[in-house]
Every structure is written in structure tokens, then in C-alpha cells.
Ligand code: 5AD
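In C-alpha cells, the next block holds one chain alone, the form predicted on its own.
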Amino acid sequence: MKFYIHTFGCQMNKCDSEHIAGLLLSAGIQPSNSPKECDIIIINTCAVRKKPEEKLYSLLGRLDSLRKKKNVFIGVVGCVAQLYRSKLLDKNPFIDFVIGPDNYWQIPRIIPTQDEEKFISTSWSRDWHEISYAQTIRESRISGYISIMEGCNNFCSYCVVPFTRGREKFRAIENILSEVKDLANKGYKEIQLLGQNVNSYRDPKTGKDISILLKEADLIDGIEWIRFITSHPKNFTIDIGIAMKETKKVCHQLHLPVQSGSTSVLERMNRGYTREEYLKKIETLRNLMPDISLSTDIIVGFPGETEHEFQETLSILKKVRFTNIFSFRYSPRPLTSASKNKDSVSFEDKKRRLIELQALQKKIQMETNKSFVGRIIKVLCLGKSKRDPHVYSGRNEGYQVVNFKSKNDVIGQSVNVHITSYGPYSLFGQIAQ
């Protein structure tokens, strides 16, 4: 028996899929890279935006055709599964099971039987379900994901996460550090600590926060770089910034979603901070770490967003000069308070604003990347370039993509790269002599 997992969404979803794969393998079911060769297909879903949800239904249509040719067991898990539950089965009766993010541990016990009865499990628990990291099947042998918390208590007005991932709960710090040590012993060079809001992390037993976790993880031999994502500006404290500065392995790189550069929009979004407060935190971070690389998320066309408010978002890009951004048109999500308001910004205006925003950011990234030419920087090589098999690819401390030439195989190694050219989305160079 073989399984195939298709994953939509963020690093958290990818990490969840690695756990699910490990659980299935432990049950004696083998992984496959092709859904056509499988007996079991699992789709791990994302509900943060409308687009990945639409992709899910498109994929389900193709799988329905496949199922008519072959007896295959199909399951939908993750955020869309949690959000719609039995409605997914009503719309797609060929689905065999629907499981939410808090119930992945049940998958091995339902799959081997393949009962005709449909299975739905979307209950919540206040306790952390510890899945053995020894069972995890990781996509990378170089950079490893480690979950440290789950859920969110912030209830931003546009965000469905509290309804799909539930309230915040935290993993024991001893288990997190044990997994870091395990990855270090296996030769991993980088770890990424994950959570919907990592800044709110508190060890259930001791109350140790994320700043202490970073310091204790920093003491583990073998790991070279430590990253953490995603941070909420409201919960980002000076202690976290100091921990980043004082540790040797925590990268001077931070993803800090601003969402909008307008205080009035931020208030309607229920973000819990103003434009000025966000910029003050950026100033503090740059005073602590002048070399810090910052990325962010931005939504354009939020209900009621005026042209002036949009221009404030453009101005914050010019002021902060993010290394990278993830930008989206607003789309209403079920159950959120913003979805009850009229989606007043036209699609044409949303589209225009997104294009304008991305054009400005592209210009900023070109200017930033140009400044790297002639420099020698440390790069963790993650593999070969997808476009050119003769070129290696990796990331620097600032999480920028770096493609480079090397006579030797350096995958999994940290190397010094002399930057010779650049584009808006990556740097290019060669191994420094």
C-alpha cells in the first residue's frame, strides 16, 4: 500500500504533512511521488485565502476522475477540512475522510481498514498532541521545521486561523529542544521554529517564553542557523530582539507582517498596533541589529480602504525597505468579522493596487540586491537550481535566494559565495576562492 500527500499553504502545513507522512510510514504504508501510483491520497489544505481553497476543489475534480479508474482512498485534512467539515463530503461524496489539524494522530488507525463509512474528526483539545519527531518524514535533510505552538488568540478581523487552528496552545520546551538536538545529530544545519504566532509562546510548565527558547536552542551544537516564524507585531517584545542580537545562531532575519501601512485600516483589521508603533519596533530592531533583513505580509483592498490609506501602505514600503514581501488582494473568509462588511473595494482597484505595490517592491529589491554585488556572503546550499542543474541554490542569513556556480558538490554545506550579479528575486555568484 502506498500514499501520496499534496500540500497547500504555509510552512506549518508542510510541517504537518511531514508528521502525517511519518505516521503513515510507521503504519507500514509507503510514500510515493505520484498520485496515480497510490492507494491513499491525502490533501492538506489552507483556508487563509480564497485562492488555495479554489485550488483544492480543482484538484478534487481531477481526483474524482482518477478514482473512477482506480480504487483509491481519498482524505482532506487541514484548515479547509476544519472549516467546512461535512459540507466537503456533501459537495464531494467520493471523499473518504475529513480530519482537522488537531486530529492528525487518528489517521493511521482509520486508513488500514478503509471502511465504507465516512470519517469526520474536527474536534479540539486544549492539550498539545505530541507526535514523535522520530517518525517524521522530512522533505529536506538540511533545514528542518519544528512546531512550537498552535492556534491564535488575536482574531484579526480578516483572518480565519482562530477558527481553523483554534486557540493558542504550546509545546513543552523540553520536547522542542530534544527535537533540535535530534536534528543536529542528524546533520541538519538549520531549524525553523513554527507557529501561527510564535511570539506568544510560553512553555506550559515553566512559563519560559520565545526569547528564552531561542537562547537555549542557541546552545545546541551542530545547528548553524535558527529562524522563527510567524511573528505578530503586537506580541513582538524587546526581549525577543535582544535574544536575536545576543545569540550566535539566531538569524538576523525576521518576518513581521504589517498587513497595512495605515493606522485606520490596521484598526479595522483589529491588529492591535498603529503604523507608528510598528515603525518604532522596526527602528528598535535596526538599532539592535543594523544588518537585519525584514520581510512582511500586505493585504490590499481591505473593506473601506481609500486611495489615501493605500498610499500610506506604499509609503511604509519606502520607509522600511523590506527585503521581501508577500502581498495579496483581500478576499473575505468565512466566520471572520470583516466578511460581514461590504467588500467595498472593486476588483479592478484591488488588482491595480496590488500591481502598483508589487512594482514598488520589485524596484526596492533590485536596489537592495544591487548592493550585494562584490560582497562575499555565507550561503547554506539547499540543492540544485530548478532552472539550471549546473547551478547550486541556497539562502543567505537574510533568507534571500542565492544561485551560484561551484566545481564541487556543496549541497548541505555552508559556503562563501562571491556575488557577481542580481535580479529582483535572487542573487547570483560563484564560490569564493
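These numbers come from a predicted model, not from an experiment. Numbers follow the displayed sequence, beginning with 1.
From this point on, the text means the form predicted together with the named molecule, which you will not see here.
Chemist: Using a 4.5 Å heavy atom cut-off, which stretch among 203-211, 141-149, 328-336, 341-349 contacts the named molecule in the model of the complex?
Modeler: Correct option: 328-336.
Chemist: Using a 4.5 angstroms cut-off on non-hydrogen atoms, would Gln259 count as touching the named molecule in the model of the complex?
Modeler: Gln259: contacts the named molecule in the model of the complex.
Chemist: I'd like to know if Ala217 sits close to the named molecule in the model of the complex, meaning any non-hydrogen atom pair within 4.5 angstroms.
Modeler: Ala217: no, not in contact with the named molecule in the model of the complex.
Chemist: So, Val48 and the named molecule: in the model of the complex, are they within 4.5 Å at any heavy atom pair?
Modeler: Contact with the named molecule, yes.
Chemist: Is there a non-hydrogen atom of Tyr158 within 4.5 angstroms of a non-hydrogen atom of the named molecule in the model of the complex?
Modeler: Yes, contact at 4.5 Å.
Chemist: With the named molecule left out of view, choose which of Asp239, Glu224, Glu356, Asp297 has a non-hydrogen atom within 4.5 angstroms of it in the model of the complex.
Modeler: That would be Asp297.
Chemist: At 4.5 Å, heavy atom to heavy atom, what parts of 403-418 sit next to the named molecule in the model of the complex? List them in sequence order, or say none.
Modeler: None of them.
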